[in-house]
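Here you get one chain, nothing else, as structure tokens; it is the form predicted alone.
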Amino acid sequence: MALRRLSTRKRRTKVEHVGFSSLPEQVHRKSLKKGFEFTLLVVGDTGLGKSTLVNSLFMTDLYSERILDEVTEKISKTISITTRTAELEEKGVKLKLTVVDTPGFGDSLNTDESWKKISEYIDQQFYSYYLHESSYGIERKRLQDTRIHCCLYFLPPYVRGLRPIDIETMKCLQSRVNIVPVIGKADALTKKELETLKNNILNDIDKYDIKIYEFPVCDSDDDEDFKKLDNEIKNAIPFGIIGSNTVMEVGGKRIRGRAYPWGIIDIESDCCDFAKLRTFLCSSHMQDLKDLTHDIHYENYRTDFLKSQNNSLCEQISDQAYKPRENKLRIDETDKLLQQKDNELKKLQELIVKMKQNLNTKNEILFVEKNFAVEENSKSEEILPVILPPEAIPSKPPQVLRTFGKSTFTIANANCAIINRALNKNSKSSDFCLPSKNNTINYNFKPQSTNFQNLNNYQTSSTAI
């Protein structure tokens, strides 16, 4: 047993070094190869030194092609969003810096809702990142982080605190980005005035419950120098900034400073908070700003977006659940309407059939009457006209007399035809008509249609003409 224990101890001593301790080196090597991305949003009035400060912070010239607007154009000018990108490298570390500027902010006379375009732009970057993150394959590998990691909000030095536009803008952006307040052109104030303005701004931030960037609590294992630096940076907010792109040589030393009639100011000295701001952004808290953006602001946006999508889906599902009932009611109504239309069509078809039958019977009757009239007309062509003596022609229109057989009738309806008549004396009395001695004319007629079915309706007369 003792030999076995010794052998196991020897084996353990052999496998003490596994190799995962090199993971930081692997991450470091991969990060150096891939590079880093950082997006900075700059918000503030024109003329507060925003572009100068950005160029001073990163020692680059991002605003070389900028065109300044005239004073008359600021009356109706609206806010716009412009982006500038620079590829920086320091000791083998590559940084893709993107600066988002907001020219026109606070320049117009009407500044109502001037922060909407800024918030919409931030949401668009979140949505673009969400789409690429949700994709597959090559699109996911090409994912670029264009989200806003930090917002430098510039405040003018001539105010006593936060203005209404500052309060509304910071409240609108506090849930979307890490806000870091900055006092521009702090060289216009004395040290006492600058401290008073900082206290007023912090009081307004607490009063209106505005959330700015919160510094992380230092861990117990952090060194004392880092804790001291972190405390100094935390107490310097809001940063009083003086920017300069001019490099001067003073006492054999090259500095970035501003020249005044009374002397030169080194912006990296203790006369302003420029050095603390640059340390905060570039050296100590850049990764923390990126982590807060991803873990808090982006996740809040993503949660709200998914909730809205789920709510819309729930509404669609509920609408689809209620739709079958509505569809049944609609189907019943449509069935009733269709049934009514079918009944009407059937009635119309029956009427059409009856009308066709009536038309057929009328056509048959007309055909018979037409044939009979043709026969009678052919017979009437052989009858000679009646020649009366002049004494027999009355002065007034004579009353129409009609006779059936050898009797004389006064007939209201003259719908009859003459069979024959003759004027010679040799004709028989039954088939001709002659004026008699008492000037009475006898006619022989044959009924043409059914008008003589009842002869009792007609009066008999033998009136002389």
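Just count from 1 along the sequence shown to find any residue number. All values derive from a computational prediction rather than experimental measurement.
A second form of this protein, the form predicted together with a small molecule, is not displayed here; the remarks below concern that form.
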Contact of residue 35 with the small molecule in the predicted bound form (heavy atom, 4.5 Å): no
Proximity of residue 39 to the small molecule in the predicted bound form, heavy atoms at 4.5 Å: no
Partner contact for residue 31 in the predicted bound form: the small molecule, 4.5 angstroms, heavy atom: no
Residue 60: touches the small molecule in the predicted bound form, heavy atom cutoff 4.5 angstroms: no
Candidate site 145, 176 and 300: all three near the small molecule in the predicted bound form by heavy atom within 4.5 Å: no
Options 221 to 229, 239 to 247, 88 to 96, 348 to 356; stretch whose heavy atom lies within 4.5 Å of the small molecule in the predicted bound form: 239 to 247
Contacting member of 116, 294, 191, 258, with respect to the small molecule in the predicted bound form [4.5 Å, heavy atom]: 258
